[in-house]
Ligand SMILES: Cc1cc2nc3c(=O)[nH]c(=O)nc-3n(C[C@H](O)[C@H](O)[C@H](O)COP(=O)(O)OP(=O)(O)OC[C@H]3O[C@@H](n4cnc5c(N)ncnc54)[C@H](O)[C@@H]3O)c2cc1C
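One chain follows as structure tokens, the form predicted on its own.
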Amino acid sequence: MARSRENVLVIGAGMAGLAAASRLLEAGVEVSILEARARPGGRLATLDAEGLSIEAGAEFVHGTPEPLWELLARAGIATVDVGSGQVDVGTRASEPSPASEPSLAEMAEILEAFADADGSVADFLALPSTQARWSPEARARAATYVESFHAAPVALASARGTARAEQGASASSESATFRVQPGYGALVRALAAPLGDRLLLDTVVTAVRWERGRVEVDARTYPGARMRTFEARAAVITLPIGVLQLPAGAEGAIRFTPPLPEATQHAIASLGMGPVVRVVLAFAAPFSTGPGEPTFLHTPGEAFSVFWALPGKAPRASGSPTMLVAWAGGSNAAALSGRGARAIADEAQGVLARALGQDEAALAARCTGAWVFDWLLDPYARGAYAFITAGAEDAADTLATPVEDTLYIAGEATCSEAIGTVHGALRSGHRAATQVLVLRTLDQGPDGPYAPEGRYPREGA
């Protein structure tokens, strides 16, 4: 079997992998990036639906995280302010009403209080002191928020870890939310373009053999044909935590020989991978979603806990949406996952109809299209994004520590200050690349591992 040698291999071409490979390439390091899918981007995927760009994965920019905004500016990619209109409805047909300011304020207090709490979010919300201080409505809203926004079941999510993730999600003192105007796919293309043929798609990594200063990677094509063995001085592993948790033999699983260190394995096993199901619904004509045409329509107690409007293809005098996103995270998403696209889309339409007090059959008849994204079923993601479980507050930092100066793990799950975010993935890729470059500076030399021929014997030698 033929072999290919690089200084560094990057496994996974999501945001973290693209960021790491780009920075290494800029520094003059020979790098190849191996991606199982037929496209780069990982959990960033922009699709064209009826002339409108829709996101299958990440959609928003929360706050003003510096590295992400710098990258967008350098690529000349515009963003738009999403707005912050919030409306609540009951669990049965009712008139939408503006979200309660007192309960929103109380929820914010609860989220801040998580920072000093031990155990899970559910544990904290069940404390007598918590119940005495905050209203049942605020506690329920906080639980729904954690399940939806952080995709974390409250029985598993660390209260302190959630507080830390909450701070990282905004990444600044500003609470504004933005959307990448052409879709995150534009940013993916900007990062991938300079990589050229160093980016190998349809390349499914199956095994990593490693020792200090040397890595061998086996891969196959997506149809299953074995590829050449890749060799390098080091590897940056940017796979989602859900993939790293897979048992041997599962689609997408990677066998490490020797096994990763016990501390690394424990950190991988300790983190949670949040399930998300999102549905994009298109309608033949605009319709009202409530007073003032809110940006977000909350539906507590339903399988889909929030809806939001997508910008239309052309300005509309009414301002009403023709496309909506239905979002389920955490326990709700886990319950929906695997039910099939038709059943999930029907559920989303039913929730929306009940929220707006409309006839379900009539609303379904107006729906011209539905796109369903069930991230738990994606073999190369196994969920949407990571969350910190109770007792695993240090797991992300453990994963960010290089393994024998040879394996470098990156991805949003390894960025403790911004876990579960696009900018967290970006930062982790830059961090891993910097770690590699520091090592390169320390052991570079005429016969060192980063010399043009490397320390390994030539083919046939």
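All residue numbers are counted from 1 along the displayed sequence. This one's a predicted model, so the numbers in the text were calculated from it and none came from an experiment.
The next section is about a form of this same protein that is not shown, the form predicted in complex with the ligand.
- For a residue to qualify, one of its non-hydrogen atoms must sit within 4.5 Å of the ligand in the model of the complex; all three of G12, W327 and T421 qualify.
- Note that among 393 to 401, 24 to 32, 431 to 439, 406 to 414, the stretch whose heavy atoms approach the ligand to within 4.5 Å in the model of the complex is 406 to 414.
- Contact check for F256: no non-hydrogen atom falls within 4.5 Å of the ligand in the model of the complex.
- Within 4.5 Å of some heavy atom of the ligand in the model of the complex lies at least one heavy atom of W375.
- A16 belongs to the set of residues with a heavy atom inside 4.5 Å of the ligand in the model of the complex.
- By the criterion of a heavy atom within 4.5 Å, T203 is counted among the residues contacting the ligand in the model of the complex.
- Between the ligand and the residues A348, V146, L239, I388, the one pair within 4.5 Å by heavy atoms in the model of the complex involves L239.
- The listed set A234, A384, L281, V121 contains one residue whose heavy atoms approach the ligand in the model of the complex to within 4.5 Å, identified as A384.
- Using a 4.5 Å cut-off on any heavy atom, the residues of 29 to 43 that reach the ligand in the model of the complex are, in sequence order, L34, E35, A36, R37, G41, G42, R43.
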